[in-house]
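As structure tokens, one chain now follows by itself in the form predicted alone.
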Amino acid sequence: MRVLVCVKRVPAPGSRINITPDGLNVDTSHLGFTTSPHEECAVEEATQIVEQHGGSVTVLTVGPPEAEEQLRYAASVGGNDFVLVVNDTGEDWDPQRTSTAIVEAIIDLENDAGEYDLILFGNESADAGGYQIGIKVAVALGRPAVNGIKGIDISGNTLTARREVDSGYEVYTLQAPAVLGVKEGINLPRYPTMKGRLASKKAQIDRRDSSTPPGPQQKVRLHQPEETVTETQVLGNGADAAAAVVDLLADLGVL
């Protein structure tokens, strides 16, 4: 089974996010980066599928040259082939441009080595959260797609995908080739072993350029919510603090 996983380099969870003075981009000067969590689960799911059914896992990303770090991490946890479509503009491409670049890369890869049975995306990226790329790619390739997937079973060319809803699960049956958007929680991503980390350093990265023009969507601005500031006040120590505590509870309306 040939599986392709598309991942994105995003700021590490918990990072303090600052906006550039023009209000259009995230200031990445002092940020750490990682793979978007939904997509990390997609890489793990692809690895498990290939372990069970045989085949190979290709991991593709559109991003700056530094996104090679995320591809090498994928190599350390089971990926086989790695493609970096280089975006050296210094900012994220719009969804139309990104999806078109991915489609072009997939078509080239499939012309060289055959069709992918399954293409996996994260349900949405951790930074933009646009929910667009996987669907745009599926439509452009003419393949069935379902988002929000929390379980995948495979029998021959038939894929059974489960999506959580309030009353239980929705179950979808698709014929390969297909596209699925995976949600965090579908599995527990493995930690890279020392052997995997060493092997990832030798992984060959297929770097590709894209001449895809910008799409019609335009970013107007990024809004940074005001930070909530909390203060801690020491009311006293031991029994001497009792009166102050009672006064505070009274002020809060508890007493």
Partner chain sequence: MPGLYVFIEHDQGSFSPASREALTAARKLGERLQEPVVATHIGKANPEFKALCEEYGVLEGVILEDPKLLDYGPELWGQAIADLLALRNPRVVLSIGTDRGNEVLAQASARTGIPFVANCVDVSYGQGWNLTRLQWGGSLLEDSAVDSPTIFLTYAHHSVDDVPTPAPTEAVIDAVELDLDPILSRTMIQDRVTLTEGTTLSTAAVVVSGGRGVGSSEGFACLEELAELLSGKVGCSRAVTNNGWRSHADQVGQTGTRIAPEIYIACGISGAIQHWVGAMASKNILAINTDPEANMVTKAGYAVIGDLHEVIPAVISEIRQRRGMGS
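Numbering follows the first chain given and starts at 1. A quick note: this is a predicted structure, and the numbers were derived from the prediction, not measured. In this text, the rigid core denotes the largest set of C-alpha atoms whose superposition between the two forms falls within 1.5 Å.
Unshown form predicted together with its partner chain; subsequent notes refer to it.
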**Request:** Report whether the minimum heavy atom distance between E45 and its partner chain in the model of the complex is within 4.5 Å.
**Result:** no
**Request:** Considering only heavy atoms, tell me if G14 and its partner chain come within 4.5 Å of each other in the model of the complex.
**Result:** yes
**Message:** Quick check on P37: any heavy atom within 4.5 Å of its partner chain in the model of the complex?
**Reply:** yes
**Item:** Partner contact for L222 in the model of the complex: its partner chain, 4.5 angstroms, heavy atom
**Value:** yes
**Answer range among 69 to 77, 103 to 111, 179 to 187, 83 to 91 for contact with its partner chain, defined in the model of the complex as heavy atoms within 4.5 Å** = 179 to 187
**Request:** Enumerate the residues of 150 to 167 that have a non-hydrogen atom within 4.5 Å of its partner chain in the model of the complex, in sequence order, or give none.
**Result:** K150, R163, E164, D166, S167
**Asked** After superposition on the rigid core, does the Cα atom of V229 shift by at least 2 Å between the shown form and the other one?
**Response** yes
**Message:** After a rigid core superposition, would you say the CA of S200 moves by 2 angstroms or more between the shown form and the other one, or not?
**Reply:** no
**Prompt:** Relative to the superposed rigid core, does the CA atom of I186 travel 2 Å or more between the shown form and the other one?
**Reply:** no
